[in-house]
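A single chain comes next, written as structure tokens; it is the form predicted on its own.
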């Protein structure tokens, strides 16, 4: 049995940031593991053979063969599980940045149609969709499926067709030279491709509160935090946000927590959450929804202990005890890399593509082709964008997957021009 299908053991102390990051990575890659908290010397001796827990560098990852890694990085564990690879080719037909629904879909269609394909992902497969506890409106799955399941199946499918997926890596610099994209990766590797697709999605939007970074992974979590749900038994947890991701998170946590309190800035779910979901949330006996509210302060010691909530109608504030705050308030595009290129972005940072590049009947000066850009093509010929990172995209997993597949059609057209 390989490591991915074996039950691994992860030991840590409550509130340990690195423990959360490892739990999240393993959960998103469908790796079976057991989380064991060690908070006294006797437990430490029983599980690790070390009598003094103060001498242990937590977290500790124990593999099936008994090997233990003390305070490993996510990359260390990913490497041990066989997820780390290097680009095998000097040049690819298409390079895809981001392994969310758009990037994985593009990889499946590109590789299955014979294009040499590489996917670069700086964290885990699935993007924000990969953190969702349940996606119920994805066509073909009437009972729904988790974002991790969807992403892992797509990853296996892309690999089956011959795509390469490079995890724990990202591009730090990209240059367009002679119709190719030359990418310098953070790990020192270089990569050249005849075309590329940006599917980097969006990064979680933050609350922008004092001490937020201090409590990240120590009580403050972005997204659905599916790996944390079993640790919420008997507790009161708070979810910030009013869209589908927040609603699904609240429903998931309600299976474990004593109570889930949703904090929503708006006055209703109208226009932000699907009808089927807000009816479930509104009628659930363990979910309380507070509209017109926001979090204004975070407090604690080594981990989060209290949050301050403000009623936006009355300006009244109250401080409540909690050790779990999940933030699902949308995101912002991950496109800072484009600022030194000819790729055009809108005011919010999303990539402009196709007809959106036309301003008063004119294309950007950097566009040198006689033809107009293809629908998903950016202002640099042969460079495409798909999914949430694109200007005016529909923020749905199915739409992102569709755009990824569509982008490959345009890649084929561009590569025929390039011959």
Ligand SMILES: Cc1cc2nc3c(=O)[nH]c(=O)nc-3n(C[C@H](O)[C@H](O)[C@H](O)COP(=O)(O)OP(=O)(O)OC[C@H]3O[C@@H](n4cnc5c(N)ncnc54)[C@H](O)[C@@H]3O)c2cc1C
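Positions refer to the first chain, counted from 1. Everything numeric in this text was worked out from a predicted model, so none of it was measured.
This protein has a second form, the form predicted together with the ligand, left out of what is shown; the following refers to that one.
- Residue 99 is the only one of 250, 197, 99, 110 with a heavy atom lying within 4.5 Å of the ligand in the predicted bound form.
- At a distance of at most 4.5 angstroms from the ligand in the predicted bound form, none of the three residues 221, 232 and 279 contributes a non-hydrogen atom.
- Contact with the ligand in the predicted bound form, judged as any non-hydrogen atom within 4.5 angstroms, is confined among 39-47, 59-67, 388-396, 370-378 to 388-396.
- Though the partner is left out of this view, residue 201 does reach within 4.5 Å of the ligand in the predicted bound form, counting heavy atoms only.
- Although the partner is absent here, residue 407 lies well away from the ligand in the predicted bound form, with no heavy atom inside 4.5 Å.
- Proximity of residue 411 to the ligand in the predicted bound form falls outside the 4.5 Å heavy atom cutoff.
- Using a 4.5 angstroms threshold between heavy atoms, residue 334 counts as touching the ligand in the predicted bound form.
- Contact residues in stretch 111-139 (any heavy atom within 4.5 Å of the ligand, taken in the predicted bound form) are 120, 121, 122, 123, 124, 126, 127, 128, 129, 131, 132, 134, 135, 136, 137.
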